[in-house]
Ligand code: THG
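Starting off, we have a lone chain in the form predicted alone, written out as C-alpha cells.
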C-alpha cells in the first residue's frame, strides 16, 4: 500500500497557524514524523491561505524537500499554485489533483506534459461527482487515456473514485467500493487511491469508520490511500489486513510491526 501522509493540510487549524507564522521548523517536523511512520508521499496543501498560497508553496516546497527523503504530494485546487510547486520540486512529486472537469484539464494537462509528475486523477467531470459506479469508470477511462497520451505510465496515475461522507449519503461508501472494483478490473496497471478520512466526515467515532473502510478498500484492491500515518490503530489495521490478504512481504512487515510495538507483557491475549 502506498501511503500519502495527510497531516500538512491547511484545513487543519494547527497547520494553518504554522503556515501563517511561517513556522517551517514545525512543518518540517510534521513531515518527518509522517515519513518515519511509513508515508511514501507527504501531502502539502496551503490553499486556505487564499492569496498567500503561492508564496507559501514557493517557501515551503524547497524547505520540505531538503529535509525529508520522500516526495511531496502537491495539493491545491489552484493550477498556479500547482505549477509553482512543480517548478520547485526536485524529482517527481505527486500532483493532487486533476479531474475530468474541462477547466482543470485545460489548465493542468500542459503541466503534466511538461513536468511528468505522478498524478491523482479524480473521477468527476463538469456534471459533478458521479453517483453511479459505471459513470466513475467512464471518467476513469477518459482520464487514463488523456494522461497516457501526455507521457505518463499507468503506474504513475492514481485514479480516485472519490470517497464521499456516509453521514451525507449512506450509500456512498458502497458506491466507492463498487467503482474501485470496476476500475481495477477494467484498467489493470493503473493505480487507485482513496482520500480515506472523507468517509467519516461529520460522524462520531471517525477513526473506527476510517479503519473499517480501509479494510474494505484493501479487499477490493486499493493501491494507495491519503491518510494519517500517525494513527497507530489505523496502521495496525492496514498491516494486519495486508498480511491476511497475502500481499507480498506483508507477513514479514506485520511481524516487524508487532515486534516494534510496545505492549505490556502482563496483558492477557484476548484474541
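Keep in mind that what you see is a predicted model, and the values were worked out from it rather than measured. Positions refer to the first chain, counted from 1.
There is also a form predicted together with the named molecule; it is not shown, and the following applies to it.
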### Query
So in the model of the complex, does any heavy atom of residue 238 sit within 4.5 Å of the named molecule?
no
### Query
Is residue 206 close to the named molecule in the model of the complex, meaning a heavy atom pair under 4.5 Å apart or at it?
yes
### Message
Is residue 256 part of the interface with the named molecule in the model of the complex - any heavy atom within 4.5 Å?
### Response
no
### Task
Verify the contact flag for residue 197: yes if a non-hydrogen atom of it lies within 4.5 Å of a non-hydrogen atom of the named molecule in the model of the complex, no if not.
yes
### Task
Please determine, with the chain shown alone, which of 183 to 191, 101 to 109, 85 to 93, 118 to 126 has non-hydrogen atoms within 4.5 Å of the named molecule in the model of the complex.
118 to 126
### Message
Please tell me which of 137, 144, 81, 162 lies within 4.5 Å of the named molecule in the model of the complex, judged by heavy atoms.
### Response
162
### Query
Looking in the model of the complex, is the named molecule within 4.5 angstroms of a heavy atom from every one of 175, 178 and 220?
no
### Message
Heavy atom within 4.5 Å of the named molecule in the model of the complex: which residues of 69 to 86 meet that condition, in order?
### Response
75
